[in-house]
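Next up: just one chain, as structure tokens, the form predicted on its own.
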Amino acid sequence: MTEILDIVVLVFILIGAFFSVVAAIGVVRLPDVYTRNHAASKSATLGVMFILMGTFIHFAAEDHTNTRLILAIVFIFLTSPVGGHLINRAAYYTGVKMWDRSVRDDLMERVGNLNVRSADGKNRKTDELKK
């Protein structure tokens, strides 16, 4: 029974490590702040959650149940994607340009053309920043 649990723990930790590596590659390779932040928030969250679940299973199998690990999993699951979303929204409202090949801007359709302060300190409309 313990060998099966060791394999399960190993699988969880390897999956978590895989998602963490994917997040790191995404942060380095993706072209703009929005996609990088997406990789950092979503994939890294999954990576950390899988590693914490593997850790929880490992200690639960040895009768050392730690509820703080469950709370950490829930906290990371709730806060990391929301934090990434808020960072992306703040970047959008401050005029950070999207990637040139971006084909869709759903937020522009919802909030319209906004006056934002661009990186050079001038007030511009959001559609001017895309050009």
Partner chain sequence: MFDNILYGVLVLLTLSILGYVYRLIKGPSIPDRVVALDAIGITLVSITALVSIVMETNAFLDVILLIGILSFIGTAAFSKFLAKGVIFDRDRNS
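Positions refer to the first chain, counted from 1. Note that the coordinates shown come from a computational prediction; the quantities given were computed from them, not determined experimentally.
Keep in mind the form predicted in complex with its partner chain is missing from the figure; the text below concerns it.
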query: Hey, in the predicted complex, does residue 76 get a heavy atom within 4.5 angstroms of its partner chain?
result: yes
task: Look up in the predicted complex whether residue 61 has a non-hydrogen atom within 4.5 angstroms of its partner chain, and give yes or no.
output: no
statement: Near its partner chain in the predicted complex, with a heavy atom at 4.5 Å or closer, the residues from 41 to 58 are 44, 48, 51, 52, 55, 58
